[in-house]
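The data below hold one chain only, encoded as structure tokens and taken in the form predicted on its own.
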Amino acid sequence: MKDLIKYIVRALVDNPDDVAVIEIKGKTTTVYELHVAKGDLGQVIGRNGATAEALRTLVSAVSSKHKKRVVLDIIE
């Protein structure tokens, strides 16, 4: 999942080398922190949050298939 998130976001931003995904595993939940360059945050969030919502929906769909709870946090 971590590599999938990184792959998609690197295609969206101007500074793909600054994209980092940190995975924090808990007992029942996994949190992915998505770090992007300051200037790329708008591209990841998208117009009215549409891109961020699409990313979160994708992550949720994949995680539900594996019966796990996953949270995606987007951090500048």
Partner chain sequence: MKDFMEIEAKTIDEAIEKACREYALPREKLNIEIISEGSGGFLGILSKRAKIRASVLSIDMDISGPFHEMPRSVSKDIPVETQDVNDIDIDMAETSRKMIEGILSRMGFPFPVSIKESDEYILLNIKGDGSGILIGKGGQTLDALQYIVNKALNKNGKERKRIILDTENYREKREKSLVTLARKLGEKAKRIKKPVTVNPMNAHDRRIIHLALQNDKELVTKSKGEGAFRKIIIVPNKKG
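None of the values given here were measured: they were computed from a predicted structure. Residue numbers count along the first chain shown, from 1.
Keep in mind the form predicted in complex with its partner chain is missing from the figure; the text below concerns it.
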query: Looking in the predicted bound form, any heavy atom of L12 within 4.5 Å of its partner chain?
result: yes
- prompt: If you check in the predicted bound form, is D3 within 4.5 Å of its partner chain, heavy atoms only?
  reply: yes
query: For Q43, is any heavy atom within 4.5 Å of its partner chain in the predicted bound form, or not?
result: yes
message: Just checking whether K25 would be counted as a contact of its partner chain in the predicted bound form - the rule being heavy atoms within 4.5 angstroms.
response: no
message: If the criterion is a non-hydrogen atom within 4.5 angstroms, does every one of V21, T29 and V31 touch its partner chain in the predicted bound form?
response: no
